[in-house]
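A single chain, nothing else alongside it, follows as structure tokens in the form predicted on its own.
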């Protein structure tokens, strides 16, 4: 395999960034990697695990000489990180990200790029509830989608390189307009996380004669609410950055819940069966 990236800088060496590096190393596609972050213990983990060749807590130092910079930090922080590093980028450098909100990130980051450097918005559709470099693994992206969100300003060669990078991880790369991306992921990703957090909050604060209701949970509840163990700071930022699309999704969910409540209150078994059957058909149709 020909080396695709001579020097890769990863800002935020956690599950997402660390797994990207592990996959690229397995493919022989990257020559050297520098890990950049605020947590020295996590960076030291990344170094000891062989994810990174070098580590630094100084973004300016870390991005110097990098061909590609991948940013994997909470979405609200991404534009600020780009603003911090742009003056230290090597000409020709490509900056890309893994944030799950794209409109705000792309619109803020593209104008920041100096002449001869390029920004490509990206979102790998993969993850677990675990965080940190030690949680990363090389097969995280295999068979998963990675969405790139080019605009009229996106450099074609930069887009091709970022696309090739993700394909080497085993991901299925596709392209989407940033706003369309945000509306879709408000429905299929952001709303489910909000629902899981809300459900656990409701059950955890339920007053049932002084009982700790959560102590009685079994497999179904735990499976359904697993994503409520995800990083609260990350999901706070996603909710704020994709506010408008997410509020539309929550309104739609509230309408469905209100309809379900109405059918239960009416004691209408046939209507309940219809509601559940339609939902089951939707769920069974997911590939």
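Residue numbers count along the first chain shown, from 1. It should be emphasised that the depicted structure is a prediction, and the values quoted were computed from it without experimental measurement.
Although it is not shown, the form predicted in complex with a small molecule is what the next lines describe.
K.L.:
Does residue 132 reach the small molecule in the predicted complex, with heavy atoms at most 4.5 Å apart?
P.N.:
Output for residue 132 is yes: heavy atoms within 4.5 Å of the small molecule.
K.L.:
Please check if residue 37 has a heavy atom lying within 4.5 Å of any heavy atom of the small molecule in the predicted complex.
P.N.:
Residue 37: contacts the small molecule in the predicted complex.
K.L.:
Contact between residue 42 and the small molecule in the predicted complex at 4.5 Å, heavy atoms?
P.N.:
So residue 42 counts as contacting the small molecule.
K.L.:
Check residue 74 for me: does it contact the small molecule in the predicted complex (non-hydrogen atoms, 4.5 angstroms)?
P.N.:
Close contact exists here: in the predicted complex, residue 74 approaches the small molecule to within 4.5 Å, heavy atoms only.
K.L.:
Taking the partner as it appears in the predicted complex, which of 85-93, 117-125, 207-215, 170-178 has residues with heavy atoms within 4.5 Å of the small molecule?
P.N.:
Contact criterion met by 117-125 only.
K.L.:
Name the residue from 68, 246, 51, 238 that puts a heavy atom within 4.5 Å of the small molecule in the predicted complex.
P.N.:
The residue from 68, 246, 51, 238 that makes the contact is 238.
K.L.:
Is every one of 8, 29 and 163 in contact with the small molecule in the predicted complex, taking contact as a heavy atom within 4.5 Å?
P.N.:
The answer is no: none of the three residues contacts the partner (heavy atom, 4.5 Å cut-off).
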